[in-house]
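One chain comes next, on its own, written as structure tokens: the form predicted alone.
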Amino acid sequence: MANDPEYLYNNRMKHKDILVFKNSDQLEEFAIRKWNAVAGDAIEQRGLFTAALSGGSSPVTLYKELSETDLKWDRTHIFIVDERFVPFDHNDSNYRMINETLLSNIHIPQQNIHPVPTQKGSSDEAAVLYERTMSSFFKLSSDGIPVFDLILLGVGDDGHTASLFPGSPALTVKDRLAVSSIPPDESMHDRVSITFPVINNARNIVFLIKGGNKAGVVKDVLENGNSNLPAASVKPSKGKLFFLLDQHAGALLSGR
């Protein structure tokens, strides 16, 4: 384990980095540096940068700070990791949050933004349409899987990530790029989520996790080899996995 004054905990392995930051400012500064590095490499090597973003409260400050960063937004394509089946302007819409904090504040062409189509139909239909969007953009064969440069994830108190909930049939789907996902709480909105085959095929996967209420889940995901929490199924096939934690989310990790 490296000793670095920037971190309270720094465990870097071949394909996984676990970093606990002293405060949220340092966490977000690192996340922006990582975004810049991944985007720069992608644009240099392939001419464009593809990212799939999550909603929730943890990445709000990151998105606001990214909106003030001078990046090649015209070469950037933004997708959504998961979405509630609500209109784009609904308070619970991940797209609405991402648009208000990031997209509407940068010079990115509208055709570079790829939201989940929730305007009509059902969550099942929206999942099929979103699959088509990804297949068309990435020019996939019938059984192809997109390779995102960066996927940004969070984790729920119950260990879910994206909208892949404990016990959901969506957890074992291997032949779809996006699926309809029904939360265990019937009062919650139906969702559309990218699947584990898509997540695990990314070049870089970044978990951004804040808050002491996530400490137990984080410990289970990272230190329990038999964890059945959905977030523990994020295991990139070739890419790199980063856990960026504030000191509260990482408080229970061994070796702290």
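In this text, all values refer to a predicted model and were calculated from it rather than measured experimentally. One rule holds for the numbers: they count along the sequence shown, beginning at 1.
Just so it is clear, the following notes concern the form predicted together with a small molecule, a form of the same protein that is not shown.
Gly56 is the sole member of Pro197, Gly56, Gly216, Gly40 with a non-hydrogen atom lying within 4.5 angstroms of the small molecule in the predicted bound form. The closest non-hydrogen atom of Asn94 lies within 4.5 Å of the small molecule in the predicted bound form. Under a 4.5 angstroms non-hydrogen atom cutoff, the small molecule in the predicted bound form has Thr161 among its neighbouring residues. Of the heavy atoms in His77, none are within 4.5 Å of the small molecule in the predicted bound form.
Though the partner is left out of this view, Val155 does reach within 4.5 Å of the small molecule in the predicted bound form, counting heavy atoms only. The stretch in contact with the small molecule in the predicted bound form, judged by heavy atoms within 4.5 Å, is 77 to 85, chosen from 114 to 122, 177 to 185, 141 to 149, 77 to 85.
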